[in-house]
Ligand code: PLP
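Quick setup: one chain, the form predicted on its own, written in structure tokens, and binding and motion questions come after.
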Amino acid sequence: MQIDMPEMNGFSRRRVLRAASLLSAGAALPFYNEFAMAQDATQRLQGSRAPMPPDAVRIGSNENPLGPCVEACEAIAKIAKYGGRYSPHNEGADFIKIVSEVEGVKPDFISPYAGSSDPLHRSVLAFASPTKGLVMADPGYESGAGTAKFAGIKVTRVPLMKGTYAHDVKAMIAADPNAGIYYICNPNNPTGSITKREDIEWLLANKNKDSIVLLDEAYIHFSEEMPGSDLVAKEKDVVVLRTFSKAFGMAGIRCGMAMGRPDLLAKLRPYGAGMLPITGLVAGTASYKSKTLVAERRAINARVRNDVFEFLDKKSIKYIPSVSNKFMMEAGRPGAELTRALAQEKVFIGRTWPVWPTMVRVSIGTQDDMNKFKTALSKVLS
């Protein structure tokens, strides 16, 4: 029996099926999430699918080496024996309840996902189309652009502002006044730079009425900036993405969410289905209940990051100041060359972006990780 599929957001039936295949393929696609892209880059670097050495310094995927907090690990241990059931004790409702309390948004303004990559791709498919494109920063987190390209959606890249490396919101609207999505990653990936609240509010006030601002706050907890959850509570045309992969150290456990008006969140649902892992839900709930975790981890990350910046300053190596857990550094040569040289020292950093071919992204690891990075960098530069 053939089921007729209505057109969705300007997509033909063929496009809808192609979009569905995108989300079902998941991490098999090289643009699906940060790990997939980093893994793809590493495989090209090594020329094979060989695993990294066990003593490798892994500072290329913006992971948090601190891992889940104690409370999250305890919650996982307790729920593991119930893994035969999709949701044995209403874990999803518990997660939404604590997020609602902490973020100050209504429960029906929250949709849990297995990380933030899933709702990012859904948002591109839901709000952009062959006639209403995606506008983003250059350089910026390119995963959503990969989805857009896959689905035949126009992507417009706008350079970051000189000096501050913030999103140039006025240039973004000028570049495509009729876009479906204006994508702001804040702090930005890869630069770790901030786009101020007044600029985000200006964008919301001046965009076309049929578009949304997609505010990706994967790294917001590393900064002191005000998050965008209040914009959701005010029912603005905004979808806020969060993940527990970064500050909360749960990249391998998979938990995240989208926040927005119920009518906006409803548009994400047709582009995929599936249950969240109960381990991720209970770990996320436990992490959000902690009153001190974010501040403690923000301080640890800042201390290690600033130590690296002091080292780079002494070496007269240029970098972009960051408030996040990664930064962009000038290689003084094609970035891939420096990446390969450091890999020979068992230090694996991040990738380059086409717009800045001589800059590389470096994630913040432990103090020991970064000490080894400094030693290896000194060696290869000498």
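In this text the structure is predicted, and so the values were computed from the model without any measurement. One rule holds for the numbers: they count along the sequence shown, beginning at 1.
A second form of this protein, the form predicted in complex with the named molecule, is not displayed here; the remarks below concern that form.
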Selected contact from Y219, Y271, F127, Y165, since only one has a non-hydrogen atom within 4.5 angstroms of the named molecule in the model of the complex: Y219
Contact assignment for the named molecule in the model of the complex, among F311, Y288, Y141, F150, heavy atom within 4.5 Å: Y141
G280: touches the named molecule in the model of the complex, heavy atom cutoff 4.5 angstroms: no
F95 within 4.5 Å of the named molecule in the model of the complex, heavy atoms: no
The named molecule contact in the model of the complex: F109, any heavy atom under 4.5 Å: no
Heavy atom of T243 within 4.5 Å of the named molecule in the model of the complex: yes
Options 205 to 213, 165 to 173, 178 to 186, 192 to 200; stretch whose heavy atom lies within 4.5 Å of the named molecule in the model of the complex: 178 to 186
Contacts with the named molecule in the model of the complex - residues in 94 to 118 whose heavy atoms fall within 4.5 Å: G115, S116, S117
